[in-house]
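The data below hold one chain only, encoded as structure tokens and taken in the form predicted on its own.
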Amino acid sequence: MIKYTLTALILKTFSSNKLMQKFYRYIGNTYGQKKRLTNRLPEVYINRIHNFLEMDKKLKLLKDGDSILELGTGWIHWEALKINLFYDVKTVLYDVWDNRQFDAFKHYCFLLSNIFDEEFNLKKEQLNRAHYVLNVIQSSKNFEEIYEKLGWTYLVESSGTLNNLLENSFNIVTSGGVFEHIDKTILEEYIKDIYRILKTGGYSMQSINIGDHLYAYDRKVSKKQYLKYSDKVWKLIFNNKVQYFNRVQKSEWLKLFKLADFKLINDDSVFTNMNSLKINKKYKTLDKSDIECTILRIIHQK
């Protein structure tokens, strides 16, 4: 608990003003890129490609020439990459600030290219397409060159809204580890906007990490430690601006998508036993599946 609380207080300090927030992003990007350049390709990233291939086989999600949007594209554009490996699609990369890490992106693509053929049992034309994309990235000198060669567009919208995107524009809107960081007060409007910008028959594909993000700094606490705290305590000690987390649960997410008229197509959630966790009265009425859900992977269709 000491690491958990101390980390929260440090993040609170970094959230104190805009200068500190900018300094935090600088440190995070500099240290984060160095770490990624020395680490192996995370297994979760490989699994995301497997998951996409499985869902694409099942639902026939895309064809060449379609359009996709990656929300919160972050450091390395992984959600867009995993689609572009197999389809020549128009791609928009959307974020609230520029967190891109070019060297880390190239490094991860290099690591992926070395294991690709063995890891994925694919047809020759699929392998050729994937290696073409990975080679383009490897041979490029900067992000702009990658975007030009692959037909990608990078957009930064500091407001975090989707108001400037046209309706009926995309066949897929996707994200990984983003929705839990969106301000809870705008979620209903945000998801309705996703519905608006999707083409009829298009898919919303979201992977939402609703586990406690501070768990990464202190593995002795519960994966959903935040369920222990009231709103008052959470706001006072643990919540912050640089790693804001909205504490929205599985059933709430499903209701928000249903409210926007989406049809649930696939729910591949991850659960962890929470029997030893003391839960705050705020969450006492939650269903067991809500309490134990740590990763929510959902596909909805317009």
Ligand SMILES: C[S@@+](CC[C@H](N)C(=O)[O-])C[C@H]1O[C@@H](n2cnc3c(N)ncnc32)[C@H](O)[C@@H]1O
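Predicted model, so just to flag it, every value in this text is computed and none were measured. Start at 1 and count along the sequence shown; that's the residue number.
Just so you know, the form predicted in complex with the named molecule exists too; it's not on screen, but the next bit is about it.
Only one of 193-201, 115-123, 172-180, 84-92 places residue heavy atoms within 4.5 angstroms of the named molecule in the predicted bound form, namely 172-180. When the named molecule is considered in the predicted bound form, L150 lies well away from it, no heavy atom lying within 4.5 Å. Taking the partner from elsewhere, V96 is found to have a heavy atom lying within 4.5 Å of the named molecule in the predicted bound form. Contact check for W75: a non-hydrogen atom falls within 4.5 Å of the named molecule in the predicted bound form. In the predicted bound form, the named molecule sits within 4.5 Å of a heavy atom of R48. With contact defined as any non-hydrogen atom lying within 4.5 angstroms of the named molecule in the predicted bound form, G160 is the only contacting residue in 145-170.
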